[in-house]
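Just one chain is shown here, as C-alpha cells, and it is the form predicted on its own.
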C-alpha cells in the first residue's frame, strides 16, 4: 500500500529533459514534454528540414506568404528566429494578398500589419482588385458559393508570384504544413490529377518558373503549429474564410483528422506514399509553356487565370470551370461577340507584371 501511494504521488517529468513537468503531449510522437523542450524540438526540426533540403542560400531575398493565420504567422516568427540564430544570411519580407473579402481579409491584414512591426519585416500587399479588376466579393456576387474557391485559388497563386516579382525575391516560402500536404495527396488521387500528384509532395516547387516556392513546414503537424502559437502568445487571426465552408478540400481534411485520431503517424505516412509514387513512362504529362496573354506559366494557350478572367468580363463565369472550353479547348460553339467588357480585359489583363 505504501509503495502504491508513493507511486501515485510521484511527479511525472518531461521525457526529454527529465527536469520540468510536461505541459503537452506531442501529436506527432505522443511524447509528454515541457514547454521549453517543445520550443526547442519544434524549431530544431524545422531548421533540420531547411538545412537538409538546402532550401536557402546566404544573401537570398525571401518572401514569406503572410495571411495573418496561424501557419504563416508561426512561419514568419520561426524563420526570423532561425535566420538570426543560425546566420542564414537571408533578407526576409512579408507578402500578403488582399482578395477583397469584407469581414475576413480586411481584418486578417490588420494582423499582418501588426506582425510587420513585431518582427521587423517589410510588408508588401497585392490586391485582386489591382491585378484583375475584381474582388472576391464581386466574384461571389456573380457566381455564388459553389465554385468560388476555384477562382480564388487560381488568382491567389498567380498574385503571390506577381507580388514576389515586385519584391524582386529569389524564393517564396509558404506555411503549408504536413496536414495540408497529406490532404493534397488525397485530393489529387481522388481527382486523378497525375501532373499535380507527381509534384505536390515536393518541398520546393516552381524551380522551372519565375520564382521557386518552398514549404519549410512540410513535416510539421498543424496541431503543433497551433500549440506553438498558443504557448508563444503569437498574434494571429483565427477566423476561417467566410466563402469556403463547402470547399471540396474540407472533406479530405476531415478524413485526415479521423485518421490522425486513430494513428498519428498517418499524416507522415500519406506524405511518404505521395513521395514514393512513380508516374508510368507511358503517361502523357502536360508541356509547360507561357500564356499568350499575360506571359505567366501555362500548359495551355491561355493560363487558367486569364480564362477565368475572360469569363468574368464577358458575363460567362463558368467558362473556365471544369473541362477546357473556348480559347483553350476545341469547343467553339460560343460565337457571341464580346461587348464593352472586352476593353477592360485588354487594359486589365491577368495581372499587370511581365514574366
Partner chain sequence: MACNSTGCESGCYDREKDNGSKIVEDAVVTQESVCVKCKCNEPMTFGDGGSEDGRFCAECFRNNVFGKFRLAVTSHAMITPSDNVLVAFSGGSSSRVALQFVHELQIKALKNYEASRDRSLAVFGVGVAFVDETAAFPALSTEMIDAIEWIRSTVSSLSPPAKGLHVVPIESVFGSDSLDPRDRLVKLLDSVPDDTGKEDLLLHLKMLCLQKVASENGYNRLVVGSCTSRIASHVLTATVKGRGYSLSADIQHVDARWKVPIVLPLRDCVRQEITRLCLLDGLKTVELACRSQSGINDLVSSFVALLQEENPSRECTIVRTAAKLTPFYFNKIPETDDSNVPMATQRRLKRFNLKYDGSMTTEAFCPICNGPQNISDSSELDYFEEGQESDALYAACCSSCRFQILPQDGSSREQFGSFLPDHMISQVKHQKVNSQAYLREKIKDCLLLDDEEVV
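Just so it is clear, the structure is predicted and the values come from calculations on it, not from any experiment. Residue numbers count along the first chain shown, from 1.
Form predicted together with the partner chain: not shown, discussed below.
- Contact with the partner chain in the predicted bound form, defined as a heavy atom within 4.5 Å, is made by all three of 188, 255 and 258.
- Judged by heavy atoms within 4.5 Å of the partner chain in the predicted bound form, the contact stretch among the candidates 87-95, 150-158, 100-108, 270-278 is 270-278.
- The single contact residue among 241, 194, 165, 125, judged by any heavy atom lying within 4.5 Å of the partner chain in the predicted bound form, is 194.
- Interface residue among 145, 266, 117, 142 relative to the partner chain in the predicted bound form, by the heavy atom within 4.5 Å criterion: 266.
- Of the heavy atoms in residue 231, none are within 4.5 Å of the partner chain in the predicted bound form.
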